[in-house]
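Given next, in structure tokens, is a single chain: the form predicted alone.
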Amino acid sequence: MSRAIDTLFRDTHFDTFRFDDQVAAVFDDMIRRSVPGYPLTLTMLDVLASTHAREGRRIYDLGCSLGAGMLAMLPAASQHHAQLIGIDNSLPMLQRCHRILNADARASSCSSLICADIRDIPVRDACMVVMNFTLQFIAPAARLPLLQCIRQGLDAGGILVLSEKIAFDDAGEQQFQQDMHHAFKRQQGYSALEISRKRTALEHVLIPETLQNHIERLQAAGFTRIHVWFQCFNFVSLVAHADA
């Protein structure tokens, strides 16, 4: 199935970015053309799930959007008889996610979707939790309590996969990484006007932090070993271990 092309910011200016019907309709195209390395993060979810899925345990995708991460982990969940749980507070996203997952026969027996704020659903009996570009949309003051709840719900030996857009303390580094990100988006077909409009719409919605901020917060939440397994410009993905 061909994906709808994102032209939302071509002719229209949005004051605030929302995960509504318009965004849901083009989100797959939007994220692939906006986040450098995104397909690789999905491929590695399959690898990570294949090594951490446990029978009778749960794999959570917090902020699951259209279910790309869940689809990536579905083979491992099915093979290891683990339960995939996707949570998102956008009903338009989940409605599309439901249709996408239902196209795979394995999904009906090992996956479920919940429309809710991820802060309101306790994580429990989890061998793996995924937050792919989700924490950046949570208010900074609420991020540590959320990570603490995730850590409490993870089994010993479980992992949290945290992917985020990051900021840099050094002004020169920040400028370089931002410029390269914008160059990537132009290469993907976005105009300078589209990039500017989307950046303005996200300004007070997506709040990035430095990599060090993320590592220190994960440590404060009780995670022990933290690995940066991926970085492309100003996007990173970490694996945080919940050791005994």
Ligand code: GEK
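In this text, residue numbers run from 1 along the sequence as written. No experiment lies behind these values; they were computed from the predicted model shown.
Just so it is clear, the following notes concern the form predicted in complex with the ligand, a form of the same protein that is not shown.
Trainee: Mind telling me which stretch in 105 to 113, 87 to 95, 73 to 81, 147 to 155 gets its heavy atoms within 4.5 Å of the ligand in the predicted complex?
Mentor: Looking at the partner contacts, the answer comes out as 87 to 95.
Trainee: Could you tell me which one of 195, 42, 201, 215 places a heavy atom within 4.5 Å of the ligand in the predicted complex?
Mentor: By the 4.5 Å criterion, the partner-contacting residue is 42.
Trainee: Does the ligand get within 4.5 angstroms of any non-hydrogen atom of residue 53 in the predicted complex?
Mentor: No, residue 53 sits far enough from the ligand in the predicted complex that none of its heavy atoms falls within 4.5 Å.
Trainee: Would residue 19 sit within 4.5 Å of the ligand in the predicted complex, counting heavy atoms only?
Mentor: Contact check for residue 19: yes, within 4.5 Å of the ligand in the predicted complex.
Trainee: State yes or no: in the predicted complex, is some non-hydrogen atom of residue 126 no more than 4.5 angstroms from a non-hydrogen atom of the ligand?
Mentor: It does not: once the ligand is placed as it appears in the predicted complex, residue 126 has no heavy atom within 4.5 Å of it.
Trainee: Would residue 31 count as touching the ligand in the predicted complex under a 4.5 Å heavy atom rule?
Mentor: Looking in the predicted complex, residue contacts with the ligand include residue 31, since a heavy atom lies within 4.5 Å.
Trainee: Just give me the residues of 128 to 162, first to last, that have a heavy atom within 4.5 Å of the ligand in the predicted complex.
Mentor: Result: 132, 133, 134, 136, 137, 138.
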